[in-house]
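One chain follows as structure tokens, the form predicted on its own.
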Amino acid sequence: MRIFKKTKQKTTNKQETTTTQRRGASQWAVGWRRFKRNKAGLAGLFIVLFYIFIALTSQWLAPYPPRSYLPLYQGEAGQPPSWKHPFGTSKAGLDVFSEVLHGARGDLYVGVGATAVSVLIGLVIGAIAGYLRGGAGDFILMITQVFYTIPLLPLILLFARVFMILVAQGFGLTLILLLLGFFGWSTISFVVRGEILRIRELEFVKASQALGASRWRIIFHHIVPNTLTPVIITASLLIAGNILTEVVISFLGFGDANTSTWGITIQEGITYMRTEWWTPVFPGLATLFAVLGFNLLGDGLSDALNPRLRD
């Protein structure tokens, strides 16, 4: 009799686990089905995957290495687009097509890397601010609001000038990445905090508290995983903003001149815009489509993963 009860209990536990896994899988399946119907979101996904492919293969696809002035020594500086140089060459002798391809790696490195840092910091601070009650939670919220109101671009330009030695040694993009990540987490924190204020009152959280689970286990094992959907959506949009910010920083002359980025190429060609329009236009178009792709992807994910929508 006891053996029968134990066997029945194990069977019941397996059924509950299977049901839970099916529910989780079905939620993502429903989200993917909605996303496939969103043409703008699919276009954004295609653009993003295309840029990722370019960034990973630029060293083989580009005719010239990064920041190579070989066309200058070949007497081909300042030439318009041709079969040999599809995007033309700059006044300084750079192959614009090669610089656009290599720039994809640099700008995606900053955009994705800075967003990863912001998500990590924002998840931790937002989770703590949302779960804690009283003065501790209010204090963390106040710190988040301070970071949210800080003018990000002037601050990064200031730090880039202060740590100019790092820029000169080739760590300019890493410096920009860390600055964007460290000062750009407040948006993620607000999103996580808002979700946790809703989730912490649900029954499974109350059950974990009743079973004696520690505060940190409840936060990072039970609550934070349930906030990932809005975080993913916000992160996709934040990547676009970080890419655009890096382009602006490099265009203003505070980037790493030894690394290929779209902003550096635009800056070097903007002076000769009237006579050599191809130098700033093609990296500008690359920036435009990259930002557009991540924005379309974010909007598509928002529509697909919104739990308030129904088929």
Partner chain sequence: MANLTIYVIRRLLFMIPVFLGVSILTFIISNAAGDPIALIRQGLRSVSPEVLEALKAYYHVNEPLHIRYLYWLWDLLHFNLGRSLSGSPVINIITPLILPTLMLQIPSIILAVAIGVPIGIYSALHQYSKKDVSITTIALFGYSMPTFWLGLMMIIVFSLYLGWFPSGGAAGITKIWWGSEFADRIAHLIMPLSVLTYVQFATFVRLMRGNMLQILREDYILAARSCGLKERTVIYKHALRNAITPIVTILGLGFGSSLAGAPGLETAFNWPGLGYKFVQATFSLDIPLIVGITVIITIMLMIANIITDLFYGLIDPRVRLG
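Residue numbers count along the first chain shown, from 1. No experiment lies behind these values; they were computed from the predicted model shown.
Here the subject shifts to the form predicted in complex with the partner chain, a form of this protein not shown in this document.
message = Please tell me whether the candidate spot formed by Phe183, Ile266 and Leu288 is one where all three residues come within 4.5 Å of the partner chain in the predicted bound form (heavy atoms).
response = All three within 4.5 Å in the predicted bound form.
request  = Flag Phe159 as yes or no: does it have a non-hydrogen atom within 4.5 angstroms of any non-hydrogen atom of the partner chain in the predicted bound form?
outcome  = It does: once the partner chain is placed as it appears in the predicted bound form, Phe159 has a heavy atom within 4.5 Å of it.
query = Any of the heavy atoms of Tyr51 lying within 4.5 Å of the partner chain in the predicted bound form?
reply = No, Tyr51 is distant from the partner.
message = I'd like to know if Met273 sits close to the partner chain in the predicted bound form, meaning any non-hydrogen atom pair within 4.5 angstroms.
response = Contact with the partner chain, yes.
ask   = With a 4.5 Å heavy atom cut-off, would you call Leu152 a contact of the partner chain in the predicted bound form?
value = Although the partner chain is absent here, Leu152 would touch it in the predicted bound form, with heavy atoms inside 4.5 Å.
message = Exactly one residue in Leu120, Ala136, Val146, Ala207 has a non-hydrogen atom within 4.5 Å of the partner chain in the predicted bound form; which is it?
response = Contact check passes for Val146.
task = Would you mind picking the one in Pro66, Gly284, Gly31, Pro63 that has a heavy atom within 4.5 Å of the partner chain in the predicted bound form?
result = After the contact test, the surviving option is Gly284.
request  = Heavy atoms within 4.5 Å of the partner chain in the predicted bound form is the criterion; list the residues of 55 to 93 that meet it.
outcome  = Residues within 4.5 Å: none in this stretch.
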